[in-house]
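Next up is one chain by itself, shown in structure tokens, the form predicted alone.
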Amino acid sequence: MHDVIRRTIAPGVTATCVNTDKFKTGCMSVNLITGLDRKTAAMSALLPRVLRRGGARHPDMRAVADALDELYGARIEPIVRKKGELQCIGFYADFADDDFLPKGENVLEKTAALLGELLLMPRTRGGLLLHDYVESERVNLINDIRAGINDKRVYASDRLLENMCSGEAFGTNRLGGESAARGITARALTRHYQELISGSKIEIFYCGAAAPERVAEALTEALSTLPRQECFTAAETDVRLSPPAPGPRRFTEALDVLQGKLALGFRLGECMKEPDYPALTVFNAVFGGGVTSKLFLNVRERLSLCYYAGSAVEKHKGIMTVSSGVDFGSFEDALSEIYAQLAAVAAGDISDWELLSAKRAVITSVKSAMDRPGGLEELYFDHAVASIKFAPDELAALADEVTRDKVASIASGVRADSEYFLTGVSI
């Protein structure tokens, strides 16, 4: 069990303390939340990488590494997350709990202080972020963007969303685009940093055994020099209930691959007006969210139309995607059967075993995430960004109450938006 306390520690800065003595380690994340934008996404993704290179007291990676070693092997890593049409950047830290260390170590306070230094006191020259750090990390970012093509399953899903949401911010990759990354300069990145650090909403999460008052005091001290505006406009996600065209749009791309990839995009429809998130998770589990789902048992196992098939719901945006690996000659058969399985769910053709298995899968997934500090942090961060009013552990209980009719009702409102085929290159 754990207790949760949320409090404002500075204008536009909210800290969530998930207090639990279940773990021997604690974790902390600092997240600057801004709107996802094609023009600035690459700069936002680059920023925590540059800041992580060193601060005023620890000027380079060696000094930062030495400081972390002194904190019994603590870690601080840059993070870039995409939640709907929000880009969330910052740092994630994990460290040993003080109860398992010699008395007086205060690793929590020291880690928070190092986080604050990296975030608020970066290395500069002439008032600009250090040119060498910017150039080095810019190259690394471009390499990471290019590397997206190496995992064809992920690549197909990314390309689906880029095409499906080409007129929406959601079509932007969380790391931004290569062309935008190539044009980043130290001057432009410094200006962007100043805008984000003063004008972004900031969400901080701590999971561990320390008392909430101690956590708040450590964070307040670490962020004491944080520049803040007087008011903040929260970025929002544009949830579109219906596809832009009456029928699904089709996109095809050819690469040198031995296995075809089929990726489908759907709009979740009217259910997103007042989202029932536990029901959405159960619906996804029934349709394609695991090894007991209709896609897995029918499209893959019974009919052998694909090598894998699964679905995922992006609850912040109101989109569902289906990902499948198929032989080049099986695209149409697999596509037809995927649609047939969705129609079966919409018709209420869901056995008691399928519904029970889906609920158990959702409950197991939530409980598994709650068995590690990082999983707890991700759950609470996800809920905070989506403005979900119930705690993650309540999701399991609410999922167990979802009815067959509710799942069918969600499925009946889902509409196909786009189809993406990744095929082989003809010789």
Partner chain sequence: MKLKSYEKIREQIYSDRLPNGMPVFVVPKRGYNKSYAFFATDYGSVDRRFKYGGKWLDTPEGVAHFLEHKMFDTEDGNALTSLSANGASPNAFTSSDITAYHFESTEKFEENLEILLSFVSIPWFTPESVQKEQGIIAQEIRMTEDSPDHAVYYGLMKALFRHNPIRDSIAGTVDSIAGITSDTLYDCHRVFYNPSNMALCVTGDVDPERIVSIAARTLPRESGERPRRDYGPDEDKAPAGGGTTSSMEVSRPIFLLGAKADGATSGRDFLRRNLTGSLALGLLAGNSSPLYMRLYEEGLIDSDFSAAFETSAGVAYSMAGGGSREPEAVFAEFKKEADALGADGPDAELFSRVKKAYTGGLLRALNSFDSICYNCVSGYFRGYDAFESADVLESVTADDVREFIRVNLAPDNMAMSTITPKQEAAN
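Positions refer to the first chain, counted from 1. Everything numeric here is computed off the predicted structure, so don't read it as measured data.
Missing here is the form predicted together with its partner chain; even so, the following discussion is about that form.
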Using a 4.5 Å heavy atom cut-off, indicate which stretch of 166-174, 289-297, 210-218, 117-125 touches its partner chain in the predicted complex. 289-297
In the predicted complex, does every one of Tyr307, Arg360 and Lys367 come within 4.5 Å of its partner chain, counting any heavy atom? yes
Contact residue in the predicted complex, chosen from Ala96, Leu189, Ala181, Ala263 - any heavy atom within 4.5 Å of its partner chain: Ala96
Would you check, heavy atoms only and a 4.5 Å threshold, whether Lys39 touches its partner chain in the predicted complex? no
Gln259 near its partner chain in the predicted complex, any heavy atom under 4.5 Å? yes
Is Arg415 close to its partner chain in the predicted complex, meaning a heavy atom pair under 4.5 Å apart or at it? no
With a cut-off of 4.5 Å between heavy atoms, is Lys389 one of the residues that contacts its partner chain in the predicted complex? no
Since the partner is left out here, which residues of 61-77 would have a heavy atom within 4.5 Å of its partner chain in the predicted complex? Met61, Arg62, Ala65, Asp66, Asp69, Glu70, Tyr72, Gly73, Ala74, Arg75
